[in-house]
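Starting off, we have a lone chain in the form predicted on its own, written out as structure tokens.
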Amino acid sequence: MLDKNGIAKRIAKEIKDGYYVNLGIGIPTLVANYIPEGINVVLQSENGLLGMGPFPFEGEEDPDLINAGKQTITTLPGSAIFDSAMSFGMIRSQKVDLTILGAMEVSENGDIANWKIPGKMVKGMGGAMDLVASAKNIIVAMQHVNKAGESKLLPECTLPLTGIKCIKKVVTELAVLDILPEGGFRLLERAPGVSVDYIKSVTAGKLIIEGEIPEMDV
């Protein structure tokens, strides 16, 4: 199985040269540390930053430079800082090529629930609703199962939805999966040492397996 950094490293391989990319809170923020060499990417943070770099080394943090998850970050040469209204203008006008989000649940139809567990205190939806409504391409970085060992890849989400039929791909500690337009999780890759049968056993939604499934290259 992959750890959180392994998930982020695998997702970084999906980023293409010239992309503008928004990184959501949680595992997605780690992607900034694994951008492949030779790839020119501009990372956008919804609190008002274009040109986000990797996390700072200990002792080099600037408390005034944070991402949307309030983590300290670095900036790259040519970066720009602006208000959140301009940031969401970029998002809503589809200037962002790829959005990488965390999730509590994803359905086989591409629905996502990532902002609220009923009965638990939450800070609010944040920018998630705007991101899922406007993004051209969304990849979810998440754990395959919850703390109780129950699948988070479901026939239908049980938690309040953030967006409907908007997710294209999911990367977990066990697998890389496409969500097909007609519904269903198509298994593309499996984590090193993880069997297809095990992935079947922890995927509640419709799982589509075609041919031999290669191991991830991470």
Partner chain sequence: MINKVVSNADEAIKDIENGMTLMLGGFGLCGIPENSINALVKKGVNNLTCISNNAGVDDFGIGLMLQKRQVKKMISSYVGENAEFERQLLSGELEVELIPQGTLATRCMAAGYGMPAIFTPAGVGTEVAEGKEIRNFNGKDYLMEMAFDADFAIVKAWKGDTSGNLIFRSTARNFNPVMAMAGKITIAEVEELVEPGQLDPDQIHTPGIYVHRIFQGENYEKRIEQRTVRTR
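Everything numeric in this text was worked out from a predicted model, so none of it was measured. So that the term is clear: the rigid core is the largest set of C-alpha atoms that superpose within 1.5 Å between two forms. Numbering follows the first chain given and starts at 1.
There is another form of the same protein, the form predicted together with the partner chain; it is not shown, and what comes next is about it.
Using heavy atoms and a 4.5 Å limit, would one call A148 a contact residue for the partner chain in the predicted bound form? Close contact is absent here: in the predicted bound form, A148 is far from the partner chain, nothing within 4.5 Å, heavy atoms only.
At 4.5 Å between heavy atoms, is T162 in contact with the partner chain in the predicted bound form? Answer yes; at least one heavy atom of T162 falls within 4.5 Å of the partner chain in the predicted bound form.
Report whether the minimum heavy atom distance between G126 and the partner chain in the predicted bound form is within 4.5 Å. Yes.
Is it the case that Y20, even though its partner is missing from this view, gets within 4.5 Å of the partner chain in the predicted bound form, heavy atoms only? Output for Y20 is yes: heavy atoms within 4.5 Å of the partner chain.
Want to guess which of 175-183, 149-157, 59-67, 189-197 is within 4.5 Å of the partner chain in the predicted bound form, heavy atoms only? It is 59-67 that comes within 4.5 Å of the partner.
Would A12, G102 and E212 all count as contacting the partner chain in the predicted bound form, using a 4.5 Å heavy atom cut-off? Contact check failed for every one of A12, G102 and E212.
Counting only heavy atoms, which residues in 129-146 are within 4.5 Å of the partner chain in the predicted bound form? Counting only heavy atoms within 4.5 Å of the partner chain in the predicted bound form, the contacting residues of 129-146 are M129, D130, A133, S134.
Core superposed first: is there a CA shift of 2 Å or greater at I81 between the shown form and the other one? Yes, the C-alpha moves 2 Å or more.
Once the two forms are fit on the core, has N137 moved its CA by at least 2 Å between the shown form and the other one? Stays below the 2 Å threshold, so no.
Checking G51 here: with the core superposed, does its CA move 2 Å or more between the shown form and the other one? Superposed on the core, G51 moves its C-alpha less than 2 Å between the shown form and the other one.
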